[in-house]
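As a starting point, one isolated chain is supplied in structure tokens, in the form predicted on its own.
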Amino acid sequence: MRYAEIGFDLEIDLSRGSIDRVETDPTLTKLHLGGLGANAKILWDRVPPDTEAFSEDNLLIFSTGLLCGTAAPGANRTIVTTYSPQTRLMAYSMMGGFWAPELKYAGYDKVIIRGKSPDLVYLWINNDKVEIRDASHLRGKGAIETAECIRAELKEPNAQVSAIGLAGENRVFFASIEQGRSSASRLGVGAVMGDKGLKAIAVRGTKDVNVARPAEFMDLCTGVMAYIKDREAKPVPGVMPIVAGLGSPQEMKLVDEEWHTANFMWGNSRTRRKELTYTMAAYSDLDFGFRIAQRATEYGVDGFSAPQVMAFALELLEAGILTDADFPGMPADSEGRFFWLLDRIVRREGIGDVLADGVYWAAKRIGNGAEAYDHNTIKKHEQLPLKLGMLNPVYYLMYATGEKINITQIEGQFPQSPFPTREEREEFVKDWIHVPDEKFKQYLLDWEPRGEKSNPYYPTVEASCDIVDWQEKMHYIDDALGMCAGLSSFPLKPPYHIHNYPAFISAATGIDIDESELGQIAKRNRTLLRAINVRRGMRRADEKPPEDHWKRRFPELEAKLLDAYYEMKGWNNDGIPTKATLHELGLDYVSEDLEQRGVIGNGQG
């Protein structure tokens, strides 16, 4: 019997119309845990590195994390993986809700989709019954509307439905997949789903998920809930209660969200305007933000990329690179403009057809100086539309090197900025049990808001690498387990951390691991993702944040940060994992492939 995982995947070939239930190799669980790590291994093994995003050979993988479907609080993430039409690198995006647990209850760990359907279809997974069903009547419908229609059609109100909207159908490069008030938004996973002719996947399951040591596992889960309640009853100064930060509307009640809305330059990121909503990049009020965000959800577009694309278009209009003739019938008011642009983009009509490819590719198509207005992309992908003052060395590394190419999925358990006084810092570290090493407490104690121990030269190069490595490690563990980052890798002093995760994994699976072994799995997964992107052409030259992200840049320091980070990771000076590192992680098959392609040399250590 397999514990925590089911041990079976669904393989769907939409070109052939075939459905196969395939048993998986249990040794992969010991190597990668599940979720993101397992997805990366599948992509490496089965999709050639020159495969285009909109190819029949590209895979679209919906994966549950290892702990999804168990009683572990927050273990509900679906990890969607493919190759991105936007970055042309590996894309992975997470969504919450109950889709992943439902898939486990239906008897599967993953749904692996290849090929393309000649007609629009949806999948219906109901325990052992799996069907490819006609979806022609759903064409053009919104993502949420589609889910409601499918539940009614199936007469199954408890079915969990992941669906695309009009943006996905029209292969908008930043199209999302929507499900249960959650979204797999980034890097165009919805565009690949649309390209495959797949409108939705509906799942209903009634089976059990077994854990190896249930009494021990339930005690651990009870401890997590007790910790959450204790933090809520006795809040730590400067640290939000755990449940308060789950979801942006909740965050808006707190100082943390005020910090975002009041201290950054939003909109087109060239003008700082305080106390306005940054939603969809329009200078307006919160009511507008909610209205257009709901429209974006129905259309199925990334709520961070879409506003930047629209702001980019309006910048080009203001600069005269685009003209009124490119925007026929566009309203004059700010709110009306953004609704109009959003409609054109998801339908790929007129200028919307160009903008639907994202800022990077749109700028190249438009030309005439448009590239100068592409000032927020990293590796061809839009980042959060904000600009800061002084370079932050930790955030420089996270921006530059993250495989997710998404800053919000990298930051984590180390504070974003120093506490104002030494007394506050000393109070914070007293019960900071989450740190993997005591040195992190000293890093925080020594970090000052200004002076010699402040940005950009503090945290030091060494400390910055350590902090980024810790934060990455926790995200890679979460993404393998299917854990909500809001309960682990993202907030300060969360209920899950490097010291208690091994106990959860061991009790759930019966595979006893310790902190060192868990760290090695996270490093293996992270290195494999790096190798996938390296094999697709990514190099050090690509690892640079937007030039104007910080008002003050420090090129020599930035070079030192990258050098030190690469060395810590066991990569060469171009960001490529060395043969020695790959061997240490049991990834010799990766080094052999990279050596055959001439990516790494025969004598490399």
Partner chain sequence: MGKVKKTIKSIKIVADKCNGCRACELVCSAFHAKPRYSSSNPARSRIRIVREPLRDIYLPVYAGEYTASECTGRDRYIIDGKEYSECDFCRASCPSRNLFKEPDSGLPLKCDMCEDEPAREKPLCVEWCINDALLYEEREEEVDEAVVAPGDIEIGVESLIDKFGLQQVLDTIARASKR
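These figures come from a predicted structure and were not determined experimentally. Positions refer to the first chain, counted from 1.
Heads up, the form predicted together with the partner chain isn't pictured, but that's what we're talking about next.
The partner chain is not shown here, and in the predicted complex it never comes within 4.5 Å of any heavy atom of residue 235. Under a 4.5 angstroms non-hydrogen atom cutoff, the partner chain in the predicted complex has residue 148 among its neighbouring residues. The partner chain in the predicted complex is approached by residue 181, whose closest heavy atom lies within 4.5 angstroms of it. Not displayed here, the partner chain is approached by residue 98 to within 4.5 Å at the level of heavy atoms in the predicted complex. If you check the partner chain in the predicted complex, you find no heavy atom from any of 521, 526 and 544 within 4.5 Å. Only one of 144, 130, 351, 444 comes within 4.5 Å of the partner chain in the predicted complex through a heavy atom, and that residue is 144. Contact with the partner chain in the predicted complex, judged by any heavy atom within 4.5 Å, is made by just one of 86, 376, 305, 160: 160. Comment: 211 to 219 is the region of 87 to 95, 211 to 219, 109 to 117, 329 to 337 lying near the partner chain in the predicted complex, near meaning a non-hydrogen atom within 4.5 Å. Using a 4.5 Å cut-off on any heavy atom, none of the residues of 36 to 66 reaches the partner chain in the predicted complex.
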